[in-house]
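Before any questions on how it binds or moves, here is one chain, the form predicted alone, in structure tokens.
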Amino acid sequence: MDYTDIAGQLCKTCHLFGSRRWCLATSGNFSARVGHEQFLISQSGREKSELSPDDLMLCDLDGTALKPEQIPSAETPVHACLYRLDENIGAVLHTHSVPATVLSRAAETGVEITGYEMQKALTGVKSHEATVTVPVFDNDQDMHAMAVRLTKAWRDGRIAVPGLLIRGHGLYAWGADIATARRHIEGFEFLFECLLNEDMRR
């Protein structure tokens, strides 16, 4: 897939998520790998529901902008970290939905999910009877420090699903390509909404 196709798919995904109110007020950031050593990511402060290819930029796997005059999302180090950790990750998507944000504040170290058929939207999950644990990490304005913590957790085997939550912040999910990462976001967001509704009924 060439640059134009990747940029088009990324923008289409941003528009869809924007319409679902998962990235209000220019929040969220979205990226996709381009080749082996670069990734395309949304520039800082851009409205995701109206994102165009001109709002995207290229970074290397250290998170450094290829064009210094362009400003990437402040959370670019987290995207770069994930691409370095697994060469099979082709896209990283980050949303700020209400359910993900609320649940991330209520959980201690992870959000446990079981009994939902939608769990099978997540790569590697074969049954609704499985227990899926989405790890929760404390928020940090220093995204380089956050990347260090994620790297340690990944290498310790504490990230067993294609997603994670940052407390009071939102959801990161990834996949082999944009379509897979999008499916993971949609699956997680559906599950989080179910859990939040369950909690409200208690």
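Being a predicted model, the structure only gives us computed values, none of them experimental. Residue indices: 1-based, along the sequence shown.
The form predicted in complex with a further copy of the same chain is left out here; the points below concern that form.
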Does a further copy of the same chain come within 4.5 Å of a heavy atom in each of 96, 114 and 168 in the model of the complex?
yes
Given that the partner is absent here, does residue 106 sit within 4.5 Å of a further copy of the same chain in the model of the complex, heavy atoms only?
yes
Does any part of residue 2 reach within 4.5 Å of a further copy of the same chain in the model of the complex? Heavy atoms only, please.
no
Partner contact for residue 84 in the model of the complex: a further copy of the same chain, 4.5 angstroms, heavy atom:
no
Partner contact for residue 12 in the model of the complex: a further copy of the same chain, 4.5 angstroms, heavy atom
yes
Pick from 136 to 144, 55 to 63, 36 to 44, 150 to 158: which stretch has non-hydrogen atoms within 4.5 Å of a further copy of the same chain in the model of the complex?
136 to 144
Sequence-ordered residues of 176 to 193 touching a further copy of the same chain in the model of the complex, heavy atom within 4.5 Å:
182, 183, 186, 187, 190, 193
